[in-house]
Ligand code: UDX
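Shown here is one chain on its own, the form predicted on its own, set out as structure tokens.
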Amino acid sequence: MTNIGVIGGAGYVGLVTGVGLAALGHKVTSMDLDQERLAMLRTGKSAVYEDGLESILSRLNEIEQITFTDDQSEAVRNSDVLFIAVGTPSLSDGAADLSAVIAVAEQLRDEISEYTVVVVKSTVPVGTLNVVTDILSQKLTEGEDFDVVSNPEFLREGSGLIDFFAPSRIIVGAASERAKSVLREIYKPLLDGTTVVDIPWIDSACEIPYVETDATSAQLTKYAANAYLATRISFINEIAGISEKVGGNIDDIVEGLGLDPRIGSGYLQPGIGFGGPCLDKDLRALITVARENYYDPVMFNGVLQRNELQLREVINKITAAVGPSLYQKRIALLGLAFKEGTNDVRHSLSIRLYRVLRDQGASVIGHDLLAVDEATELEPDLEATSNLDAVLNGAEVIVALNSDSVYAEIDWPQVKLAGISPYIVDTRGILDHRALTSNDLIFDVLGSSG
């Protein structure tokens, strides 16, 4: 058992990491400045939605395996290893904002009193670990008082606990053998398949790849993974656009591509583009790092450009159907979170679409099963509800923006009986197209010509 502190422990990455490490049997002190979230976490509730999270959290609270505090000094005193999981949002030039990481390091410089491994879990560009090391070295001695390690996260929102307990790989980047040994000990229960609470995703028979490398390679692995996923999304959106122009069927194309073992089917679903807290941010940060090192990332610039154009494609479909004026047109957006299965609306393309439609005078109503409160907190003027019938009834345009199964089960005859035959844009291929056709409803599917 290792005493571990997680700084930024009420955010998505910090919370999943802290809960995961506590479930492995480590004593975790989770620190954050958000008092409201801390109060919820102490009662076993979470502002971050993740399937199965609250039940595990409640059990860990009961056995006092995890505690929550707003005092970083307390977390340092109680810990031999500190995980930094604070946010690194994009600055206006695309670079990662490292101010929170730097602020944590400056405080740790004055708080660490004995050998501590500082693990950077936040997604940070190459060179950041050197910055943290330089700050700590102003008062402490590297290798004697501290070591800094890169341990990037690969958590998909909505599947974060699965990704923690059944990861595709664990990447540890460090120069210090002592620090590497500490991380091996931390992850040993996971590699052995043992926990202190019941975890349904643990499979002791499944071997988890454990990769040790240098810090630079560890950080680049994280950025490369997200850049590749973003590239696949922009790639299939571009193919979908071409398919639509020449009369193809994108569903059949995706199926054919996915059957190729060299390609696979993941992240080949056409849509409005990639949003959320990671792909866009990390791709922009990687582009900035490349430029700072005098390398022109031509392909990645194209990936971003395609993503920006994708939103315009949806707006063009709406205006082509109902006319150039959207003033007071009732438009329903199905799916407000950046993807289904989460309540995260940060950098949601659905919210961006809402803003464009709002600015053109449209009357927009949004639906989501999980993210209504988060969406209206971000956009107080947005009319939103989890009542799907209320959103559909009276809508002149309906835009399906994520793949929640509830949208595949819409009763289209009932929608038509409401008195208006809406124009429908299916950006994800999730709707029941046979039902739409049989009810004489006009619809458009991204990537298909008819």
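The numbering used is simple: start at 1 and walk along the sequence shown. Here the structure is a predicted model, which is why all the values come from computation and not from measurement.
The same protein has a further form, the form predicted in complex with uridine-5'-diphosphate-xylopyranose (UDX), not shown here; the description that follows concerns it.
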| property | result |
| --- | --- |
| Candidate stretches 241-249, 155-163, 125-133, 314-322, one within 4.5 Å of uridine-5'-diphosphate-xylopyranose (UDX) in the predicted complex by heavy atom | 155-163 |
| Among the candidates Ile170, Leu369, Leu268, Val196, the residue which, in the predicted complex, approaches uridine-5'-diphosphate-xylopyranose (UDX) to within 4.5 Å (heavy atoms) | Leu268 |
| Interface residue in the predicted complex among Thr288, Thr376, Ser363, Asn226, criterion: non-hydrogen atom within 4.5 angstroms of uridine-5'-diphosphate-xylopyranose (UDX) | Asn226 |
| 4.5 angstroms heavy atom contact with uridine-5'-diphosphate-xylopyranose (UDX) in the predicted complex for Phe338 | yes |
| Any non-hydrogen atom of Phe274 within 4.5 angstroms of uridine-5'-diphosphate-xylopyranose (UDX) in the predicted complex | yes |
| 4.5 Å heavy atom contact, Ile233 and uridine-5'-diphosphate-xylopyranose (UDX) in the predicted complex | yes |
| Residue contact check: Cys278 to uridine-5'-diphosphate-xylopyranose (UDX) in the predicted complex, 4.5 Å heavy atom | yes |
| Within 186-215, the residues that have a heavy atom no more than 4.5 Å from uridine-5'-diphosphate-xylopyranose (UDX) in the predicted complex | none |
